[in-house]
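The data below hold one chain only, encoded as structure tokens and taken in the form predicted on its own.
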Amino acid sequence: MRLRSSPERWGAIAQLLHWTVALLVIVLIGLGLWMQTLPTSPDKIRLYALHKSLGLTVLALMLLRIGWRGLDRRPPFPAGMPRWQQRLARLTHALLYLLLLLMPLSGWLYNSASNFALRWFGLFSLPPLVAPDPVLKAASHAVHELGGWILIGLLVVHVGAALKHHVLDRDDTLIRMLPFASRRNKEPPC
């Protein structure tokens, strides 16, 4: 598999970043929903620390992903894909990228405004973004929580669209992001 994307499929680096972030986001959503149901305890504090570390990892990976997208051209949309679907796909991806930056940043801001230390997997500390501030704490928490629900909705749309292309349209939209899948719609030999 090629490191860079080709007109037929995403490259290995784009795929690795996509699937790593996807897995982390699923874990983060599950942790985020579960943590809120737990009573205050050492286990809950450990889960919050894990959630924060994974969120910071997503932030770093998204910054790498954006940098890589600047260097690596995306494969074109499938032939015959209506222009409205192309626009909707671009909008959905832009919103996903925005939220995948906003969520860890709003969490970091909430953590800072709450006057909590922020350590990445216990290895090193990150500086607070702001001084303790109860108003900013409430606002950043609201953004983080609302953003989480919007992110869940966008993920449903994203996965639903990929499955629609795979099952109904029978094109290679999904396959070209899968590491070991081979194309369905191969060009006939000359």
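Note that residue numbering begins at 1 and tracks the sequence as displayed. Here the structure is a predicted model, which is why all the values come from computation and not from measurement.
The same protein also has a form predicted together with ligand HEM, omitted here; what follows describes it.
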Worksheet, complete the sentence: If we test each of His141, Arg69, Lys164, His158 for a heavy atom within 4.5 Å of ligand HEM in the predicted bound form, the one that passes is His141
Worksheet item: Taking the shortest heavy atom distance, is Leu33 within 4.5 Å of ligand HEM in the predicted bound form?
Response: yes
Worksheet item: Does the 4.5 Å heavy atom contact test between Lys52 and ligand HEM in the predicted bound form come out positive?
Response: yes
Practice prompt. Could you confirm whether Glu145 comes within 4.5 Å of ligand HEM in the predicted bound form, counting heavy atoms only?
Written response: yes
Practice prompt. Please run the contact check for Ile29 against ligand HEM in the predicted bound form: heavy atoms, 4.5 angstroms, yes or no?
Written response: yes
Worksheet item: Going by heavy atoms, what in 83 to 115 lies within 4.5 angstroms of ligand HEM in the predicted bound form?
Response: Leu100, Met103, Pro104, Gly107, Trp108, Tyr110, Asn111
